[in-house]
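Starting off, we have a lone chain in the form predicted alone, written out as structure tokens.
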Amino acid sequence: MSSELRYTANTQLEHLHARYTGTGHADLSKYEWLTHQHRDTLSTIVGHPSLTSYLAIADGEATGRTRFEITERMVQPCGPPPAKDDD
């Protein structure tokens, strides 16, 4: 019974990872996790016009300019990736 439950849990987890790319996995680094979180937040702001308008008004800029800057920030939202140690 427990092996069947374990198999079902693994298939459900694999399904979640396939469906939602930002759900993470055991080998996910802190940088990658933060990058996913920031990109999700930025894409939500761009995807909801009222949030984009709110930020544009707060910054005193045009809505199109704000949308462009947020989209550009999605490339590397947390800065360049840290150097990897190959030990």
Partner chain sequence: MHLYNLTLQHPTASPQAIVGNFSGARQQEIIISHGTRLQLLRPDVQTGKLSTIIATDVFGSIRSLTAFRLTGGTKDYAIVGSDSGRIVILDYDPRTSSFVKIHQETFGKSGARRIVPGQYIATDPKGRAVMIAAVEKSKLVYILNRDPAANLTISSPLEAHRNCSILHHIVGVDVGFENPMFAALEVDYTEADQDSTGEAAANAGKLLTYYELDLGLNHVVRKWSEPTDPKANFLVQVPGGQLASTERFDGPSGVLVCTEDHIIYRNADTPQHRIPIPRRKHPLGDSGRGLIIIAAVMHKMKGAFFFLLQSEEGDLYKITIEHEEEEVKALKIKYFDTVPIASSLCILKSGFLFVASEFGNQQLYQFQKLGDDDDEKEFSSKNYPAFGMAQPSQPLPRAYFRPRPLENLALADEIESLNPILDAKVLNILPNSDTPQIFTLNGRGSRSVLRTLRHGLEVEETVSSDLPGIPNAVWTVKVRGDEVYDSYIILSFVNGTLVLSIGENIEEVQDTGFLSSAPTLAVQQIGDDALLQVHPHGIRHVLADRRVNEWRVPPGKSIVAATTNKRQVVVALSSAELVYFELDLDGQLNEYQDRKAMGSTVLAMSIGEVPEGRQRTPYLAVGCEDQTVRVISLDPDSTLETIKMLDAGINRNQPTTFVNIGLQTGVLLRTVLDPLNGQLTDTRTRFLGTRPVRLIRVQIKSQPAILALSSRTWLNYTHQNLMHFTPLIFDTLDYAWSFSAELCPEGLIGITGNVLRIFQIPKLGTQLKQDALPLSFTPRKFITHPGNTYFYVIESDHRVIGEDAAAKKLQELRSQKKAIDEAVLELSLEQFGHPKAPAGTWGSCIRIVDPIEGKTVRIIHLDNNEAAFSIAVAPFEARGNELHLVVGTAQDTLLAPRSCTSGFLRVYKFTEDGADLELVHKTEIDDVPLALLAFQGRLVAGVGNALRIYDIGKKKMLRKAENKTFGSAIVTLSTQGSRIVVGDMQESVYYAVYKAPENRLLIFADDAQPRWITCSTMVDYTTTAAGDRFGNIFVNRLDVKVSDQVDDDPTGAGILHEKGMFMGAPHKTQLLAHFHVGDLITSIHKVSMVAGGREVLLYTGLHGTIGVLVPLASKEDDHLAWRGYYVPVKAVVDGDLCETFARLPPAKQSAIAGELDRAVGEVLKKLEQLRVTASGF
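Here the rigid core means the biggest group of C-alpha atoms that line up within 1.5 Å when the two forms are laid on top of each other. Note that the structure is predicted; figures quoted are calculated from it, not measured. Numbering follows the first chain given and starts at 1.
There is another form of the same protein, the form predicted together with its partner chain; it is not shown, and what comes next is about it.
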Going by a heavy atom distance of 4.5 Å, is residue 28 a contact of its partner chain in the predicted complex? no
Is there a heavy atom of residue 76 no more than 4.5 Å from a heavy atom of its partner chain in the predicted complex?
yes
Open item on the list: Is residue 12 near its partner chain? Define near as a heavy atom within 4.5 Å, in the predicted complex.
Closed with: no
In sequence order, the residues of 41-79 that place a heavy atom within 4.5 Å of its partner chain in the predicted complex are 43, 44, 46, 47, 48, 49, 50, 51, 53, 54, 56, 57, 58, 59, 60, 61, 62, 63, 64, 65, 68, 71, 72, 74, 75, 76
Per-residue C-alpha change between this form and the one not shown, residue 15, threshold 2 Å, rigid core fit | yes
